[in-house]
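Next up is one chain by itself, shown in structure tokens, the form predicted on its own.
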């Protein structure tokens, strides 16, 4: 499982204050904590803490110098993502692009040039899809576009767009069905990723809902997740689900082996 640590995000008060005050120690500490917890990528999201390009580049450089991990570059402006790719020491995961031709044509040349990977949100000009069929249709558009630019399926992470269970309960089943169908585009298939905490937004049983839905998604093809990598119960459940899906070799010490 590709674990994308979500914690360096200005949505967290501590991180936002650290960005505003240029407090490097707080950010380095969270980078190291997530690396020690075996994150595969660290998501770097400046959010609304600053609109300055230089501040995002400062944050990216700070995190990659603190830990020896590739980054997930999380920004809503494509030119900023391209500038950040230029300074990455390891090929990053770009978060994200939608199924809009103009935006894909703007971003994908840089994805190809820097050998990056990219998260494709299966939404278009009409917004977030509500049906399985629309999710698959938009995923197909993204997949076809990467082929045009010589980007391999293994560089594409398709995101079926996880919706809050509390407010859109009917969407959970549609998301699972869409994830299953994404696997049919190619062999080997593209990755399937999700921002897990979205499903429990506004609920009182966040950890339980996150854990349960993640396991169900793994059964439908999920192999990457944006999550709180410090949640050991969640990570242990993921490791176990992958074991049951025959994606790893059983050993009595499989959890201990992962953490070593």
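Positions refer to the first chain, counted from 1. If you're wondering where the values come from, they're calculated on a predicted model, not measured in any experiment.
What comes next is about the form predicted in complex with a further copy of the same chain, which is not displayed.
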Select, from the options 24-32, 187-195, 219-227, 66-74, the stretch whose residues sit within 4.5 angstroms of a further copy of the same chain in the predicted bound form by heavy atom distance.
219-227
Check whether residue 102 has any heavy atom within 4.5 Å of a heavy atom of a further copy of the same chain in the predicted bound form, and answer yes or no.
no
Applying a 4.5 Å heavy atom distance criterion, does residue 215 contact a further copy of the same chain in the predicted bound form?
yes
Heavy atom to heavy atom, is residue 54 within 4.5 Å of a further copy of the same chain in the predicted bound form?
no
Can you work out whether residue 20 and a further copy of the same chain are in contact in the predicted bound form, taking contact to mean some heavy atom pair no more than 4.5 Å apart?
no
All three of 110, 150 and 163 touching a further copy of the same chain in the predicted bound form at 4.5 Å, heavy atom to heavy atom?
no
Scan 223-242 and write down, in order along the chain, each residue with a heavy atom lying within 4.5 Å of a further copy of the same chain in the predicted bound form.
233, 236, 237, 240, 241
